[in-house]
Each structure stands twice: as C-alpha cells, then as structure tokens.
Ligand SMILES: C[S@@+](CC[C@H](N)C(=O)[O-])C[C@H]1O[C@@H](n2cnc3c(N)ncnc32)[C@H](O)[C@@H]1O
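One chain comes next, on its own, written as structure tokens: the form predicted on its own.
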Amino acid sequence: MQSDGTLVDARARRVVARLRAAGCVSAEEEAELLLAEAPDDGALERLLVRREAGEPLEHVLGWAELLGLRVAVGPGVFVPRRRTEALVLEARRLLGERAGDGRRAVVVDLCCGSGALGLAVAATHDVELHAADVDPTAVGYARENLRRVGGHVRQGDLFEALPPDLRGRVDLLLANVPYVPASAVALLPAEARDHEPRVALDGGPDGLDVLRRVAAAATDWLRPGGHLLTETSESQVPQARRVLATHRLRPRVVRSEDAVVVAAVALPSPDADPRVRPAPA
C-alpha cells in the first residue's frame, strides 16, 4: 500500500509533468504554488486547466507577490512585475528621508492597476494614500488591496480622478504609466499580450504618451520639492528625462539590476515665494 507521502509525491509529479508539457519554464515552483492553493483535486484540476490554457500564473492563483506582500489580482488586471520593486524601494527611501517632520505624507498611486505600489509603500510608512485608474476592473482590485491600509481609490483618467483638495499637496506621486510602444505590444509574451488590459501596456507610438500627460500636470499637484517616480526602459531614458524637464521637474535616473526608475523633483514655479526651496533630488 502506498503511504500518504508517496501519494503526495506522485500527485506533485503529475502536476509538474502537465505544466512542463504546457511550456511552463518553472514547472516545479508553479506546481508547488498551485498545490498549496487548491483545497482538493477538483479545485486543482480547474487551476491546472487555466494555466495550461496560458493564463498568467498570478491570475490563476488570485495573487501576485511584491516585496513579500500578496497583492490580489485576477483576469483582466495588470500583474505587478518584480522589476517594479525598484520603484517602491526608491519611494520608501524618499519617505524615510522626510520621516519625523511631523506631517503625514500624501502619496498618490496614479495608473494604479491593482494598487500594488501604493500597498507596498503604505505597508512600511504611515501615509495618506490615494490611488486612481481608468480601468474599472483594476479599480475593483485596488479597492480590495488598499482597504487594508486605508487607501482611497477612485476611477478616472489620470488626475481627473483625484479630489481637487489634493492639488499642490502631494509629496510623492507614483506613476507607473504604460510605456510599451504601440507597435511592440504584439511582441510581448502571450501572458501579457492576451490577458492584461492594453490600456495598462500601450504607451503610444514611442511609449511616452501617458508620461507626457502626467508630466504636464504633475507640478500642479505636487508640493514644491515633491517627487514623481515612474518606470521606463533604458532606451527611453533620454527622452523621458526631456519630457520631465520640460515641465518644471528635475529628473534623475535610478537603476537596479533589471529596472530603470526615473525620479523627478518638482521645482517651484517662477512666481512662487522665493523662500520655498525644493527638497534635494
């Protein structure tokens, strides 16, 4: 008679074999996650069928991980990428620099998707958090995720979704805008191309259309010395810097092993009180 351990091992081997046959590169790791998520064989079979059909693993599981946090995701929502951890870490660093000034920082997660960035920032810092996205599916997941940190989530097109009283008060603007050039969307892996909303991927002809719109309005919403953080590709860095510099934003580049973050500090307007100075970039 087979022991329980032998049965479990045989079950795991079958799952791994099916995932390998479906082309999953990390079949063993995926099998472990699926087995842990499924309460019984019927549930496991349903998850496996979805994964074999090419659905992103995170959509199948119902969550993605970002810096140790589980972020709820599902069909029709952008899956947070591991490379975006660099943006979150830079956001945390900037908030840490201003800790102790006696004022709760105002953070906005624009183009928030599932709300992963705002969640990861609010998990380590006590902030007044607002998030917005144009896509109703994303907004639903963001509300679920940010409820646990007291975040406010609204649906709308960029800054139009934000309450007017935030204008000029934002300390940190997280804007992980879509930056894939329109012609390159078809070249993305099928999991992204076929299962994530195009509005979260397509950045227009050169990939920077949404960044231009964000940059054009950012200084109206940021405090002087407030920061805008966005992600881009290495090839887009020179143009992204020019876009930001055109709109009273002083850009700098933060590189990690697999990500490029462009951080920009908001400069005072020419007619601002000369005693107001921006924070160091």
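Here the structure is a predicted model, which means the values were calculated and not measured. The first residue of the shown sequence is 1; numbering continues from there.
Below, we refer to the form predicted in complex with this ligand, which is not included among the displayed structures.
Considering this ligand in the model of the complex, the lone stretch of 89 to 97, 186 to 194, 128 to 136, 141 to 149 in range is 128 to 136 [heavy atom distance within 4.5 Å]. Residue 117 belongs to the set of residues with a heavy atom inside 4.5 Å of this ligand in the model of the complex.
Using a 4.5 Å cutoff between non-hydrogen atoms, residue 213 counts as a contact of this ligand in the model of the complex.
Shown alone here, residue 178 lies within 4.5 Å of this ligand in the model of the complex, counting heavy atoms only.
Although the partner is absent here, residue 80 sits close enough that one of its heavy atoms falls within 4.5 Å of this ligand in the model of the complex. With the partner omitted here, the residue from 182, 72, 106, 158 that has a non-hydrogen atom within 4.5 angstroms of this ligand in the model of the complex is 158. Proximity to this ligand in the model of the complex, defined as a heavy atom within 4.5 Å, singles out one entry of 111, 208, 170, 153, which is 111. Of all the residues from 187 to 211, those having a non-hydrogen atom no more than 4.5 Å from this ligand in the model of the complex are 199, 200.
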